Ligand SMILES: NC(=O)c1ccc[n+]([C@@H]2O[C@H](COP(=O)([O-])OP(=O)(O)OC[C@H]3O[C@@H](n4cnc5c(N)ncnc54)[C@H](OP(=O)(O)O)[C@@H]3O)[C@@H](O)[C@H]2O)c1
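Listed next as structure tokens is one chain, alone, in the form predicted on its own.
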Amino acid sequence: MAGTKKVAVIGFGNIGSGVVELLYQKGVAGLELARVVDIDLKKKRAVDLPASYLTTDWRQVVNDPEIDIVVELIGGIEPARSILLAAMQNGKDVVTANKRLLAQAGHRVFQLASTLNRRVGFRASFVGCHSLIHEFRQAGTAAKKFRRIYAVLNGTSNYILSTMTREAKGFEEALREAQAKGYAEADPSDDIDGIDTANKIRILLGLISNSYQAVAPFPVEGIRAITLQDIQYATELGYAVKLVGVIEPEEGVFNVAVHPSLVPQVSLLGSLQGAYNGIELEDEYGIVSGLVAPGAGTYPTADAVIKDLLDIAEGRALPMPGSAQELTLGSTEAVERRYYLRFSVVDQAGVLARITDIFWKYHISLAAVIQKEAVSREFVPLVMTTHLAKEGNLQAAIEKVDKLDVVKAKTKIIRILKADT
């Protein structure tokens, strides 16, 4: 190993405090904490530092020739982007936990890193499954191709859905419990609306494709509309409901989406409980592997930062996208999936025949049908699962079905994902 690397940490919040504790109090061979930057230096923290370590000016750090590595832990787009760019322009390697920045402006960060031959560590943006990044480094993106990647990447959503499943609680009650236990923010929108998962999927797509180019928008759907009723029906059918990020390379394009999905209960993703994250990968040879880890927390995130710092200190290459290749996303309408459908229909003869007649015209065949007792005087739930059908055909058929006079509410659609057991 080369000489000891001097590290500056910008952001002294929960994650920053964890990183500082590991570097300053416990010590990490080959790494020396040199400076810590935060806008509020009077706030009480779990770790005390001498005043000589502290500053409120990040420019002092990125311009200091004694600093070798800058760790950005403040979040948001600015000034985080400016910090990373300035640090690299001044000859420093960087480490970040900022998934929003990498997802929305990562092309500029990785482009500059490639130009200047700097390293960017970002395991901590992927806390729950950062071992996947290690796997990419070991195999190399050119050496390992994937048929599909299905990922549960948001601990808040997984906690809510697994609580609804395990304790038969409604969405709002499960969300309040998640907030009370610190798994969900006061405003949980990024988590439950799929935005956080989509940011991580964008980062993962860049790794898989080796391209830092920004990708076009892809479908993102959260879990607000998932009901206890849907979870119970899915359970009867042998499935668990999860918020899943999907990447499926196919003939030069990538099918990418984030949406609630039914996965087999006995699969890796289906078995995830609480705030755990997991990724299931199928490679070009049909071999399926998986990773599971806690999805968040001060020490898991701090540990991911330290792993990147050690890789840099010990001269190991870090995986990151290095080309400007344009990425093409596949047509959503052409994707073939199985579907779970819940209709709210009038309790009378002939309803099923009218729905299946429409499905026949759009080349949609049924795998299972479950009709339940009436939940109100106005309608009864009718649950169906389909065989493989094109998304465009399914959406067109449902548009027709929802206009039938016997259908009393918008049909609930949840995709069913292949998952090896």
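Counting begins at 1, following the sequence as shown. Computed from a predicted model, the values in this text were never measured in an experiment.
Heads up, the form predicted together with the named molecule isn't pictured, but that's what we're talking about next.
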Check: Of 98, 197, 158, 261, which residue is found within 4.5 angstroms of the named molecule in the predicted complex when only non-hydrogen atoms are counted?
Finding: 98
Check: Between the options 37, 355, 62, 394, which residue brings a heavy atom to within 4.5 Å of the named molecule in the predicted complex?
Finding: 37
Checklist line | Residue contact check: residue 301 to the named molecule in the predicted complex, 4.5 Å heavy atom | finding: yes
Notebook entry, point to check: Does the named molecule come within 4.5 Å of any heavy atom of residue 249 in the predicted complex?
Noted result: no
Notebook entry, point to check: Is there any non-hydrogen atom of residue 15 lying within 4.5 Å of the named molecule in the predicted complex?
Noted result: yes
Next item on the list: Using the partner position in the predicted complex, report whether residue 291 sits within 4.5 Å of the named molecule, counting heavy atoms only.
Entry: no
Checklist line | Segment assignment from 43 to 51, 385 to 393, 27 to 35, 365 to 373: heavy atom within 4.5 Å of the named molecule in the predicted complex | finding: 43 to 51
Check: So which residues in 318 to 352, when you check the named molecule in the predicted complex, have a heavy atom no farther than 4.5 Å from it?
Finding: none
